[in-house]
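Quick heads-up: it's one chain on its own, the form predicted on its own, in structure tokens.
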Amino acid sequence: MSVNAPPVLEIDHVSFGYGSELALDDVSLSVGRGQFVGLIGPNGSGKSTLMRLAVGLLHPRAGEVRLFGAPVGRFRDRHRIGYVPQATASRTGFPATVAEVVSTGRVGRRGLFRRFNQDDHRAVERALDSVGMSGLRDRLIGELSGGQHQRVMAARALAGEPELLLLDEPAAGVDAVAKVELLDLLQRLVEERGLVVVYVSHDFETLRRYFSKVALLNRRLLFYGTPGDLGEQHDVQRQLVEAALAADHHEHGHGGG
């Protein structure tokens, strides 16, 4: 990446509201190559809204979102982005296997009507293996547990071999071992491939162990910096973080973020 290359993701003075209710107020942050960013905040703080704005599913009321230097509305290289939204409440009855769902992650890179080749198949198998779901590749997606489903969604995003990966509470419903395996995988991809990851979390240990930068959001951006910087801030700042994490723990992160 050139020294003068633009950030991978730029949120530039972005505000957004649902009706008259302001969900995000003048938020700015920039994410560069090889960064693993943790996004934390209490329920209703705007975390999921910010993620949807980042991938162009929502449009800001004010400000601008840029991907790889281009305004998100004009960005066309969608295969460069992977997005894992929050788990949906109901998945029953969907007649596709795990492998078929993960394969759809290649569509952005291959195109809708082009036949899969060996590279595509290998990418799907690598993604399944990376999240420990190879053994369930032929299971119907509707038969999976919540945690298994989240791992499949992560594999689907990884199958496209994105440069930017955004994950909205991917560890919801996932057991502790699977969560650590996913985080270890993401950290390895960040270090070895320069993948950029933005990860919504509410785990303070995760924050310290994995993230290169932390964004604390509560409609406004309260803090954006390294975990070390956060630890050196005034006690009030730490209390804000701990309150945000505690709120997410109590509410299980399903209030819309």
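Just so it is clear, the model here is predicted, and its values are computed rather than measured. Residue numbers here begin at 1 and follow the sequence given.
In what follows, reference is made to the form predicted in complex with a small molecule, a form of this protein that is not presented.
The stretch that touches the small molecule in the model of the complex, counting heavy atoms within 4.5 Å, is 37-45, out of 221-229, 37-45, 189-197, 63-71. Q86 is the sole member of Q148, Q86, S103, S130 with a non-hydrogen atom within 4.5 Å of the small molecule in the model of the complex. Although the partner is absent here, R52 sits close enough that one of its heavy atoms falls within 4.5 Å of the small molecule in the model of the complex. Heavy atoms of A23 reach within 4.5 Å of the small molecule in the model of the complex, making it an interface residue.
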